[in-house]
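The chain below stands alone, shown as structure tokens; this is the form predicted alone.
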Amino acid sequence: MTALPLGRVAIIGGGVEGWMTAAGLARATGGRASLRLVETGPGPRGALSTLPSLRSFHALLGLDEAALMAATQATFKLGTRFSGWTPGTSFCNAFGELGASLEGVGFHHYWTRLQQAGGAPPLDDFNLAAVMARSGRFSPPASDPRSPLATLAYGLHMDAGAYVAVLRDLATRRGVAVSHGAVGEVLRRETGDIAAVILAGGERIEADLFVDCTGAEARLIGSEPFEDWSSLLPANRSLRLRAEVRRDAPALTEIEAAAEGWRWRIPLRDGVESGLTYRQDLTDDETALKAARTGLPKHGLSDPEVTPLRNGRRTRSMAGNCVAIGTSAGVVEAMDAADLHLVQSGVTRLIALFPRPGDAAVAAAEYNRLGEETLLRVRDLAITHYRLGQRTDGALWALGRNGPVPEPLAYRLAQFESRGRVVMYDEETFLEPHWIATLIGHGLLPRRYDPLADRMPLEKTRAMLERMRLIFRQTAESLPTHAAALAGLAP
């Protein structure tokens, strides 16, 4: 990351979004900018479920992963298990490769051929990360490209408050100044640029660039029009609580559909977070709390935290001398754990496209284009879960199943259903194996497969896939348990 002469930067709002921004800018500028963060509210609570991409961000910050995991009560994450979206079914959307291409043809075409010829084993059996998670095992990726472990990737489950503490320590040691206070008033020039932010206590904050990390309130960028996605993603409320129980959990986030909404489980070393995302006019908070408690012990539970949820985005996340990062820029229900990736994406785009005199409008146009594309692709994956799910026991699911489908997603679904083609757009967060696992996992099977798969005799295809399945199972069984892998980390 190159050092950039940035002038004065004021980050308004703390939490994970603010401190990821502060730590990233402090690392990138190398002391050549005046960075200040104003914490406008209480620190975050809850657990975080992350994608593998966040590990590269940590590497750029110079964070030691073992020390980070110890500080944040972290566990490993090999993917997400979805269950109940179609009653009686489940699938694992795991990181890493799905099978292997054979003679230049994508693996899922061979799997589809077997499925149409009388049946194939579950697709999960051909993702090593899914097999490992199902058996409670874990190992980091191997450096030897010949090893099945070479294709692995993993994320983390972390405590949000502890993660912020790590980022705050890193950022302040690199020169980020910290103050506290609620936003009282935002003063603007005739051009629309922000002249200053006045805190509730009267303090005046001036800067060349203001970063809005105030969350859904969007106190700085809020004058920008908001594109509402409530017709596409029906949930509008989220409830979370923590169970202080110790158990050997697989390296997975659990996403389970229930009549009231979709429930999540995120395992930490000292407990598990449970929560429910739902629609307030269909499920009241008391019913949501009962649903979130399902499967948890009756004692040792934290007080629930309820948060409004508004799916949508600001039409511009960079406007004038203000840039919004995180939920102030846009929100998508976090069933695919892309929320921290969207923060990371916003920070890295800001570093790459920081506006300078003379090119601010050009930089802002590209920043907004890339941000929009990234957010729309994440949104479309979330919509896919609703559109393809077959639950009929709750009004939320009827809304999700029957809602409109954006044209790019409709085209993607039609291409896959017709011939197994995976359409990939610019700025995709999730790669082709992730989309294949989601579509087939929800029951969208291609009507046709690539005819080049017929070059291999059917019985040879069946034997090769069975051998691949056996290798994955034997590899997983040879690995340490998830609990042993965590215990082996340096404190």
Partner chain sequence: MTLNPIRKVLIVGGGTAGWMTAAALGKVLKSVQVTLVESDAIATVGVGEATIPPITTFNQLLGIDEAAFMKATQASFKLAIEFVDWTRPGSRYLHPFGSFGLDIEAIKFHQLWLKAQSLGSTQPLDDFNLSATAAKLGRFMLPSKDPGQVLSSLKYAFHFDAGLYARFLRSFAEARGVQRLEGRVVDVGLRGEDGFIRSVTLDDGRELEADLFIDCSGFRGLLIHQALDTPYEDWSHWLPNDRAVAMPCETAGDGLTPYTRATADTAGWRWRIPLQHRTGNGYVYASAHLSDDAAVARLRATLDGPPRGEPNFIRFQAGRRREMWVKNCVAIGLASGFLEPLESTSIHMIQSGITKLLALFPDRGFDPVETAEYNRLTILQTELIRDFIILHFKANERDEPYWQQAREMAIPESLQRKIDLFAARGRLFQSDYDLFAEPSWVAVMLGQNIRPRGYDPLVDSLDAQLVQDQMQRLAALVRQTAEALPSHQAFIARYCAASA
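Numbering follows the first chain given and starts at 1. Here the structure is a predicted model, which is why all the values come from computation and not from measurement.
If you look for the form predicted in complex with its partner chain, you will not find it shown, but the lines that follow are about it.
Heavy atoms of Arg113 reach within 4.5 Å of its partner chain in the predicted complex, making it an interface residue.
Using a 4.5 angstroms limit between non-hydrogen atoms, Glu466 is distant from its partner chain in the predicted complex. Within 4.5 Å of any heavy atom of its partner chain in the predicted complex lies no heavy atom of Asp64. Taking non-hydrogen atoms only, Pro451 approaches its partner chain to within 4.5 angstroms in the predicted complex.
Here the chain stands by itself, but in the predicted complex one stretch of 35-43, 435-443, 22-30, 49-57, 22-30, has heavy atoms within 4.5 Å of its partner chain. Among the residues Ile351, Val186, Leu399, Val245, the one placing a heavy atom within 4.5 Å of its partner chain in the predicted complex is Ile351. This chain is displayed alone, yet in the predicted complex one of Leu388, Leu149, Leu370, Ala195 has a heavy atom within 4.5 Å of its partner chain; that residue is Leu370. For the partner-free chain shown, Tyr411, Ala414, Gln415, Ser418, Arg419 of 391-420 come within 4.5 angstroms of its partner chain in the predicted complex, judged by any non-hydrogen atom.
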